[in-house]
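Next up is one chain by itself, shown in structure tokens, the form predicted alone.
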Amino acid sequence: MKGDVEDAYRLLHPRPVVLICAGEKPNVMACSWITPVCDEPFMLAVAIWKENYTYDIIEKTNEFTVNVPPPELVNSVWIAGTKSGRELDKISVCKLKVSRAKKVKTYVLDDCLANMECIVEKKVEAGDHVVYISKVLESYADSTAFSKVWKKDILLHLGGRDFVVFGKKIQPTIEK
């Protein structure tokens, strides 16, 4: 069975979608190509297209924040993922509230369920993307949304304009 790249892309979805915030004058972009890669220290890998404005900012600053949006921000996620910060102040257009991050020189998004402040440790070239292996310096979450497990729905990206929410916890029924 053969498929095209779009088919292969969708085989690995749905995936949590996050908003990456970077820069002294903050820019925001949507991203679902993100994954934990280490527990101690806690590290994430995030793949960013080299043509993105956010790529340019991270290349200069070596830092960013990861912000987990609630489903109510789906329109902001769509704008953040389809418009360029070179031409548009997406923070203003999306009416996102920001606060200064605690450990990095950019911002966190106040309307999000969780925030992680990251510093780049290593870059890996991956075709037209760069994978940033980044240490999480600080993380915090809305206690009504997360405490060891998600208590609220989180937004997942299926691909293209398609999103779903995740919130129903299931466990295997077999014994350990």
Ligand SMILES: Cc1cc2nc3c(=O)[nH]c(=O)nc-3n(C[C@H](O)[C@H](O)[C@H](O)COP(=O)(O)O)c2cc1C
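Because the structure is a prediction, the values reported are computed rather than measured. Quick note: we count residues from 1 along the sequence shown, nothing fancier.
The same protein has a further form, the form predicted in complex with the named molecule, not shown here; the description that follows concerns it.
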Each of 113, 115 and 150 within 4.5 Å of the named molecule in the predicted bound form, by any heavy atom, yes or no?
no
None of 44, 31, 108, 68 but one has a heavy atom within 4.5 Å of the named molecule in the predicted bound form; the exception is 31
Residue 27 near the named molecule in the predicted bound form, any heavy atom under 4.5 Å?
yes
So, in the predicted bound form, is residue 53 in contact with the named molecule at a 4.5 angstroms heavy atom limit?
yes
Does residue 21 reach the named molecule in the predicted bound form if we count a contact as any heavy atom within 4.5 Å?
no
Is there any non-hydrogen atom of residue 99 lying within 4.5 Å of the named molecule in the predicted bound form?
no
If we take heavy atoms and a 4.5 Å cut-off, which stretch out of 31 to 39, 140 to 148, 60 to 68, 117 to 125 is in contact with the named molecule in the predicted bound form?
31 to 39
Can you tell me which residues in 124 to 138 come within 4.5 angstroms of the named molecule in the predicted bound form, by heavy atoms?
129
